[in-house]
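Let us start with two forms of the same protein chain, each given on its own as structure tokens and named structure 1 and structure 2.
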Structure 1
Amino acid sequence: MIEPNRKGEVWLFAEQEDGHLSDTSLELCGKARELADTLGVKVGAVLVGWNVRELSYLLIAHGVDNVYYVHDTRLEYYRTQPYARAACQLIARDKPQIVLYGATPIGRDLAPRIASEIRAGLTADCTDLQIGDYTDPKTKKEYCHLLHQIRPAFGGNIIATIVNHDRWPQMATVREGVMRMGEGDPSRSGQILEEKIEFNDFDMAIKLIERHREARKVNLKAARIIVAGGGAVGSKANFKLIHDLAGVLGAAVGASRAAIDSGFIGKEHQVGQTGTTVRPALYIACGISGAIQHRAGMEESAKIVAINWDKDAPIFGVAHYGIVGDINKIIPMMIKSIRERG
């Protein structure tokens, strides 16, 4: 069995905007802690920005041991090249064995640039990460303590496990919401290491003139109740039933990929492996058959109610309560009953 030749830390890129850490970064803290404990190493976080040192304490509370804080007035807002320069210099110096990024717009922009610069592999949109062994089918060499990077492939029809035994560090971007965010322990202690990075003119070639940010229209991850519709809803006009039920419950509106592909509702409402992973207190699945890709994004909901005309639909396998019938009849009855009780 061949041991990896690096014993570096497990790192994550701590993504922040306007002084607020992304939820994905805090979710990654817990997973990085789990991986590091398995490997017997420390957890590091790269925090880049200006006047955001206080965020280090939140990272430490969520499991980070060493925060590598790169601060410069020119880093106040995200720009690819200077942020990549900072990360690349730190990776080259400290040689972490794993580096994780959120599969956010920033993470998807930054991680490939870093991977290209340091000639490392990168697995995108992972839904799980584990430490395990690997046997090369050609050489029959056995490797231990490698990062198993697990993600959907071929449109979500299979789950692939990707390993990298000869290019370091092992790097992956991780889907938002697939890792549980811990509560955090304010009593944890850790180090804040202030870093100085030398930038060149090329790094600062792009100038930020104006910023325009559009607020997120739907926040499925934060919703306590979600009413989701599937392809069996039948039409965009008929999807009003889903909105009406969500309205009386004070719920967010979700959808399966079939409903999105049919144009019933926008992609920002998609739940599943290729959408958002959610864990609400109540998830009502209306006209959703329950393909494995959808179930993977909602099966950890506290309570699941499924409405479908097909009694053999896979969604009933994860539902706590199932109603077999026509959603066009059942949903109006539910709305009427809720309003009468309200």
Structure 2
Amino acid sequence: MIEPNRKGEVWLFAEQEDGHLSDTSLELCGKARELADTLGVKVGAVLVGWNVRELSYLLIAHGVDNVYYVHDTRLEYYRTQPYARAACQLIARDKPQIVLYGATPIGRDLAPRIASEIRAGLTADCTDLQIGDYTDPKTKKEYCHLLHQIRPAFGGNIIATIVNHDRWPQMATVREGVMRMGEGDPSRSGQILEEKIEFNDFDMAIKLIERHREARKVNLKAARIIVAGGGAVGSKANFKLIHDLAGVLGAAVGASRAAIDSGFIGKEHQVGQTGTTVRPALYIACGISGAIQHRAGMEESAKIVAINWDKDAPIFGVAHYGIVGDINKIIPMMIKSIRERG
């Protein structure tokens, strides 16, 4: 168990695969920087892999002060145990006060293993992090400058703020795409500290036999404009309407789960709590009711246009422009007026 260390750094786990940092790692850099500035401490990143030293510069450009670089030929591909061993040893040595992970398949596999080993708390899938105070309701004891770990729970119907005041580090996995990725400043400076970790046979117990990666075909997160279709589109053929509108706008195509479950379009297009979280400049929701799980993935968009024939549909609660009408009539009107303006 690790006691609170108020001088500890704010750390993040820098996730990389095949020599590429995940977007989430860079999003975490910005958030960690903000938290560390509030606390007056440095930002550290744990970078594990083989031959990926140059990624340190990208981390530093995005706000990291110290990169703890653990490299070993056996660490080329992610495996739970050796990665956890490396992180646990560094955490036990340096006692950071906060450690953040992306809520990615890797982060969600790794972070709990680490939390269990060091007996620290871990909050899953946070959508916001802030520094704040906490009064224990029983003892009335006050704790200042704790990490407020904010996350939706109960299928997105409530928002809970979690704290961890006695067993540190304060750890959280952070949902992909919700923290803003900064521009990065190549002139920032920082240190790269090379770390040697001893591994035992048990750490290497799991062997990677075969590995297959698909390039993400749809990159919803990078899209400036997203046109999303819902259950109302009615059929795979009619989804052409959504593709056409996206086409004239140079937009990516998103969808609600109802559209995906009905087979109108692939799962990789899903926006929402169990899909991708997006924050484009413009989100056009076509025939989407605006269920809470869908809104969780898009309500941060800069502008939202909603088209729905039910004037009471919840999607209008987050919309900037609302059109009460039939998508089959409205979308062609939009395509026409965009072409004319074009």
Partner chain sequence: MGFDTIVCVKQVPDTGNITGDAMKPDGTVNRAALPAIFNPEDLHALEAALDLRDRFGGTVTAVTMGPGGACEVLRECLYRGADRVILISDRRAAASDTLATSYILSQAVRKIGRYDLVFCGRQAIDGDTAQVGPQMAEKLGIPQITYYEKLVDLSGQTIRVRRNVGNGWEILEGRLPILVTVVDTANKPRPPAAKRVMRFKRARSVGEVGGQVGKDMPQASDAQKQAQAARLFEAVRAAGMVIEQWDLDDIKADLTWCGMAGSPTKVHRVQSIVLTKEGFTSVPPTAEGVAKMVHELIVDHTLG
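Please note that residue numbering is based on structure 1, beginning with 1 at the start of its sequence. If you're wondering where the values come from, they're calculated on a predicted model, not measured in any experiment. Here the rigid core means the biggest group of C-alpha atoms that line up within 1.5 Å when the two forms are laid on top of each other.
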Deciding between structure 1 and structure 2, tell me which is the form predicted together with the partner chain. 2
Superpose the two forms on their rigid core, then report whether the C-alpha of residue 20 is displaced by 2 angstroms or more between the two structures. no
Superposing on the rigid core, I want to see if residue 233 changes position between the two structures - specifically a Cα shift of 2 Å or more. yes
After a rigid core superposition, would you say the CA of residue 49 moves by 2 angstroms or more between the two structures, or not? no
Please report, in Å, how much the Cα atom of residue 243 moves between the two structures when the rigid core is superposed. 4.5
